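One chain comes next, on its own, written as structure tokens: the form predicted on its own.
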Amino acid sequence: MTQLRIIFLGTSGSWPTVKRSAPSVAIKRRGEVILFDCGEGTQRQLQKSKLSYMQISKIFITHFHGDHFLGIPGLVQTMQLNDREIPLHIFGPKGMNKLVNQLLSLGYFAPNYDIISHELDEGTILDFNDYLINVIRVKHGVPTIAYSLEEKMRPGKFNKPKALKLGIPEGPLFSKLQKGETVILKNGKKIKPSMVLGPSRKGRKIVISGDTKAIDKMIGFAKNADVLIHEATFDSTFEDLSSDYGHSTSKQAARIAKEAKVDKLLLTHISPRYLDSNVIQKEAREVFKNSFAVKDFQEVEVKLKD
């Protein structure tokens, strides 16, 4: 089973506080770390976590407000100082190519490894072998995108009694069939995976909202997600202010989670005005019980459902 973990490196909104760093979420899958946003201080947070920044293969930026990308220059320079050789891909909305060029022109830094930028827009689907990254536009006053990471369908459950009845010996052939490979027995009989596997099963789905007003489009985008990571900058007493600045309240995020029928809602991008995020969590739970206001360095494992 492929382990899938979410690690919150920064959960503050707009600027860091004593307890919360600027926005950044890491997803660890197998030996790969995928970073969503890279606010100021992200490399320091990585050093304090159990993650290796050298395993970061891709960085996905939601938009170009400083709290979401100013950690890139320090991080890419530190990677070079540690002799990184493999390419780093940085994705974001229109303007990403220009921004990366600007960030890499600061000071006398000249990377010895490839740093490749990619510009994305709504409807983009990126295929990374066994998972997809989907993109939609959200509403935040500047071009902003949300992401979903969705694993591809998995083979169905392996029917061991049926396999044995077909004359398949336990061992490597079992493993090949479970991976979806056709095998040939010593007697020449061909065994297809469909002969010993049940129906295909869905993989896991994680959605990251980025900074946004509460929009109905997010309901469809997050439909049946295992985890929805949604910004909740304010509680509902600041709903008008939240809307004016292109943000969501915890109650609005909870409504989206409920209507999208997600399994779990993780609330982040908490305004520095909140010394205690319990008010954010409590309000969300009035609408959607499985809501959590997350903290820096909090880890959430996303398990397969079957």
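A residue's number is simply how far along the shown sequence it sits, counting from 1. Quantities reported herein were computed from a predicted structural model and do not represent experimental measurements.
There is another form of this protein, the form predicted together with another copy of the chain, and it is not shown here; the text below is about that form.
Within 4.5 Å of another copy of the chain in the predicted complex, a heavy atom is found for not a single one of V25, I86 and T124. For the options S200, S105, T182, S175, the one in contact with another copy of the chain in the predicted complex, meaning a heavy atom within 4.5 Å, is S105.
Checked against another copy of the chain in the predicted complex, the candidates N134, T78, S236, N97 yield a single residue with a heavy atom inside 4.5 Å, and that residue is T78. Stretch-level contact check against another copy of the chain in the predicted complex with heavy atoms at 4.5 Å: of 257-265, 65-73, 275-283, 236-244, the positive one is 65-73.
Heavy atoms of W15 reach within 4.5 Å of another copy of the chain in the predicted complex, making it an interface residue. Taking the partner from elsewhere, L166 is found to have every heavy atom lying beyond 4.5 Å of another copy of the chain in the predicted complex.
At a distance threshold of 4.5 angstroms between non-hydrogen atoms, R30 is out of contact with another copy of the chain in the predicted complex.
Looking at S271, you'd find every heavy atom of it more than 4.5 angstroms from another copy of the chain in the predicted complex. Contacts with another copy of the chain in the predicted complex, taken as any heavy atom within 4.5 Å, map within 279-299 to D296 alone.
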